[in-house]
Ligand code: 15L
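One chain is shown next in structure tokens, namely the form predicted alone.
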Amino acid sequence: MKKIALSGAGGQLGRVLRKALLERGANLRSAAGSRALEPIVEGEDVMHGDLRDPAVVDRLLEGVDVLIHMAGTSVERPLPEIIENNLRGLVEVYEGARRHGVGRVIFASSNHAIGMHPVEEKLALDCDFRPDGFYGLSKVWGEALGRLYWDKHGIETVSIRIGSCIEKPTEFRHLSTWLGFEDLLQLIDLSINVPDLGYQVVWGVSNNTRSYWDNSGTNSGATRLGYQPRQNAEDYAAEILAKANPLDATAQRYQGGSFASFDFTPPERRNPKR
């Protein structure tokens, strides 16, 4: 049985994955940041610590076959924090994977790597990166880092561009971006177990009628994984469309939603000297 490590196990999605993987009998080591995890089951393999510290990374990855990397800052924050948690920490993780012979990393990328694309566009996996902030920029960098470590060191990576991963969609944007928990778990299971993946990128999105993102294609990451999402945000459309859209005009214009409108300079205020 493969030994799996889960970083960021105390976060929103980390908690979902930790519980589900343990229920499925996975040989799992779960790691949190500064706060220790309370074991869910007797004898559970848990740890905590700062992943910028190579010694902590060594404890996490010793004897591990696959790392699910969910750790890091997950919202828009000042650049120094993003650099420390999402760039520096990720380099330490990949260097630890080299030291310990970890064969595969499942990287939690994000739709915010492409969040400045207009909502009218349907995006393939080879679309241009258009990050909607420093957080999204860190995910662009993280995907490129995974590519580097596959090309130079043979560490496989599956980069999952996670949409709105919550129990059920609650607002208009989610009709396009929702990733249900059932589909998330399918993606993780496939990313752990499908052999010989190399480097792959996949949209982390359910089978939404209004999806912004296209996972099809003979050579796409979803096809290589065999990902067949079953959930559809449209099942909640009537309830959602009866409510007002909570996003401002800028957030409604771009796929990144509220991340796009944060610190956004309106066109009429740009280039005042031009």
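Nothing here was measured: the structure is a model prediction, and the numbers come from that model. The first residue of the sequence shown is number 1, and the count goes up from there.
Separately, the form predicted together with the ligand exists; it is not shown, and the next lines address it.
J.: Taking the ligand as it sits in the model of the complex, is Val75 near enough to touch it, meaning that at least one heavy atom pair lies within 4.5 angstroms?
T.: Looking in the model of the complex, residue contacts with the ligand include Val75, since a heavy atom lies within 4.5 Å.
J.: May I ask you to check whether Phe259 falls inside a 4.5 Å heavy atom distance of the ligand in the model of the complex?
T.: Phe259: contacts the ligand in the model of the complex.
J.: If we define contact as a non-hydrogen atom of the residue within 4.5 angstroms of the partner, is Gly204 a contact of the ligand in the model of the complex?
T.: Gly204 lies outside the contact set for the ligand.
J.: Any of the heavy atoms of Tyr94 lying within 4.5 Å of the ligand in the model of the complex?
T.: No, Tyr94 stays farther than 4.5 Å from the ligand in the model of the complex.
J.: Ok, Ser110, Ser176, Ser138, Thr157: which has a heavy atom sitting within 4.5 Å of the ligand in the model of the complex?
T.: Only one listed residue qualifies here, and that residue is Ser110.
J.: Among 158 to 166, 186 to 194, 80 to 88, 141 to 149, mark the stretch whose residues have heavy atoms within 4.5 Å of the ligand in the model of the complex.
T.: Selected stretch: 158 to 166.
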